[in-house]
Every structure is written in C-alpha cells, then in structure tokens.
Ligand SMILES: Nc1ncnc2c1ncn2[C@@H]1O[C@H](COP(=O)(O)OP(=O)(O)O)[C@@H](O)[C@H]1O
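Only one chain is given next, in structure tokens, and it is the form predicted alone.
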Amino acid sequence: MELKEVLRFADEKVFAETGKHLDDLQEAILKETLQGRKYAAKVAQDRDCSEGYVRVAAAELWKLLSEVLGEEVSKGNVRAILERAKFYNFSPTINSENVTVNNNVNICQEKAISPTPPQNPQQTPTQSHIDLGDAPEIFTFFDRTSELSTLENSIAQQRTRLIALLGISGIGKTTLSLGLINQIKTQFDYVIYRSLRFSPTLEATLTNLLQIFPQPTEAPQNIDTKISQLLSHLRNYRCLIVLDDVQMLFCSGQPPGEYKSDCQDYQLFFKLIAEVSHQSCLMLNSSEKPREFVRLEKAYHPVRSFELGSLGIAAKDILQSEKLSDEETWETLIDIYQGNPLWLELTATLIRELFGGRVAEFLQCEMPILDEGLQSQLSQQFQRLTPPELAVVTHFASLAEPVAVTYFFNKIPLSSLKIINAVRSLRSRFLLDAIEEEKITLFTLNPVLRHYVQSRYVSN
C-alpha cells in the first residue's frame, strides 16, 4: 500500500473518532515510522525540538491510534495494523475542503489551535477530589473580585490550559489562587495545589501528582511515561493544578527564568501542557516570568499570564484587621507601600508595636520605613539579581524621575545590549514600573524598592 494512502487512512480514522486531524508533528512521526526509520532524531532536528519531546509526542500518538483502531499500537506494528485496518474498513475519503479547519496542536511549530476539550472523556468522579497538600490556611481573603473574575473566565470560558500568575513577592499570588480554587472547585474533577519551594525535580513532582489519580496496574518507571500518564489524566478528567513558588526552579544570579540544571525538564513539561490537547488547566505562581511564556503566550494559544498588582483600596481591610487608627490617612499608607499585602502587614505590625497603632504619627517619620522583616524579604529577591541588573537598579535608585532605557547609555559602564537586557530582566522580576508618556516608555523604582536599594547598596 502507498505511504500516502496509509497516512491518509490514519488521519481519516482519527478524524472520524475525535473530530480532529493528525497534526504536523504526529504526521512526521508516523511517516518516519512507516518507512522503518528511527524518527526521534530526524523529526527533532527538522522541527527544532528535543528528542525527548518527540518521544513523548510519539507515545501519545500510539495511544491515540490504539484507542481509534481498537488494538495495541506501537512503532513496531503500526504499519501492519493500519494496512490491515485499511483492508477491512473502507472509510469514505474526507474532502479537506469541506471539513472544519484543523484544530489540532502542532507541538514544535506555532499554529492556530482550539481549546476544545477532547471527545468522549473517561467517566469522571461523582464529586471533586481536592488535594491542597501543604497549602497555607487562608483566614482572611481581601477583595480581589476583578482578578478572580478574570481568572475564572480564562479557565472556565476560554479553556486556557496554562496560566502564569505573576507578581512581586508578597503581592498575594498564593492567597488569590487559593481563593480561586474555593470559588471554582466544583467545576473540576480534581483540584490540586503543590508548592515548589524546595525545587523538586520534575520526576518527583510527577510522582507526587500521579499518586492522586487512579493507579495503573504498573507504576511508570521513567519520566517520559510519567508525563504521558499525567497528560492522559488531564484529558480524561477536568483538572485544576496549581504549582506555587515556581521561581524556586530558577537560578539565582542568572537572568530570570533560567532553570536550575536539575529542573530543566519543567520547561518541556510546561510546553507540553500548553500544546497537547486536554481539558485541564495548570496554574503557575511565580515572581519571575518563565522564559517559555514569551513564545507560548500568543493570541492563538491557550496560554495566558496575569500580573497581579496593588490590592488598592481593599488593603484598608488589612489595616482594620490590625486595629490601626487614623483611617483618613490609610490611603496614603497604602500608596507608599504599593498596596502590597505583605509589606502592609509587616508595616502595620510595626505601627501597632511602636506607635500604638496611630498611622498619622507613623507618617510623620521620613517615608518609607522598612522594618527588619520587610528588609529580609526584599533581600531574598535582590540576591537573585545578576551583576548588570544590580548595576542598573542601583543607578535607578539615584533618580527621582522615571527615565527611558536610553538614558543609561554611556552612564553605566555596560554595553547598550547589556543595559537593555538588564532592564528587561528587572521588569520580568517585577522590580521596575513602566510608564507610558508621550509615546515613550519610561521606567522607575517604586519608593519602597528605591529606599531599600539606597540603604543596602548605594550607602555602602
């Protein structure tokens, strides 16, 4: 049988069962396999992917064909099974001009895709299985109505597969994600929260997650099989998985989003979550934007990132819970500390202990005042900076007004490229604020960070 006929038959059978055609990567794997060639190296080279990436996609393809054809398919028997099925099952040729546009995912190339969930999902549990692991207990949830609505719409309506919830440390990412879980948990079969604060390997994380789902007769032994099995669960069940503290997978002293040597598999895993068809959502909480989002986050991909900003006027609830007085001055305090819940909580404790809770008296001091807890929290973030980032941010701290990137050219002993990359990196760490003014982008440090840098780096 002609190679083209076998490929067309496989595509038609998949389309008849799932309503979706084979994507380009699946076709390339199948074509190489049908010709008796080792597909991983060639396909990876042709499509600028890793061989491991291709092998995971191949495992998914054999699983898909097994379900479609009703018998176990592997790279060793796929041609014989397809030819036999073609002989006994005459399928009408589908005119590609009269069918829906291919909504499948091209794993190695950017291509329009649809977040439509897979057909015929496995029978789901009668009630949600919720496993929050080591999630902190949230006693007070301050108003984030708008943010909750945006996230819920992205997950429930737009069927986003991969979401990054980003923002400077202390801004409330963990609290918001747990509040979101509480609000939409009934829409899922499985809801899982895990922190990556101790930088576990991907294999350790996968092993932990797989224990929550129904166990197969044989536990997977290698990481490729574990990834494939988790993706299968994400297709068969509607799952929401929140991975917190993702920034701990990245190196300190390196550009943001640079994975540690033993955590590099996460980059492939997140890419697969974004590009392989399933009906679930993975949310990543991080104070650094993962590098892969630059490419993945396109309008036609089910991938989104959300930067969490000031709590705004809702932060008054924090000050009220701390029993502070002089309510007419609270907005000033909130503005100084950027509506950051952690910064405000630490400062409110200081005001209560040393000023009897009187905000007006506290504001008579030279602002901002950073207590030891806040300085320690900021120190952890600044220890992650590269030397060029530290040079640029130190120069920013000496400026009273916002400036454009070009301002630093010839003012810092760094090349223009290093200055541009440093500013970009500082933005990715949410340490610089951007302001649009007369068609020019200006950058600045907020008062808290400026004061910290001046006291920690400029004075010494």
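The shown structure was predicted, so the numbers you read here are calculated from the model rather than taken from an experiment. Don't overthink the numbering: it's just position in the shown sequence, from 1.
Just so it is clear, the following notes concern the form predicted together with the named molecule, a form of the same protein that is not shown.
- This chain appears without its partner; in the model of the complex, the one residue of 257, 388, 200, 341 with a heavy atom within 4.5 Å of the named molecule is 341.
- Interface residue among 316, 226, 144, 271, judged by heavy atoms within 4.5 Å of the named molecule in the model of the complex: 144.
- Residues of just one listed stretch (204-212, 362-370, 161-169, 226-234) have heavy atoms within 4.5 Å of the named molecule in the model of the complex: 161-169.
- A residue is said to contact a partner when one of its heavy atoms sits within 4.5 Å of a partner heavy atom; residue 378 fails this definition for the named molecule in the model of the complex, lying far away.
- Taking non-hydrogen atoms only, residue 174 approaches the named molecule to within 4.5 angstroms in the model of the complex.
- Remark: residue 181 does not count among the residues lining the named molecule in the model of the complex, judged by a heavy atom distance of 4.5 Å or less.
- In the model of the complex, at least one heavy atom of residue 345 sits within 4.5 Å of a heavy atom of the named molecule.
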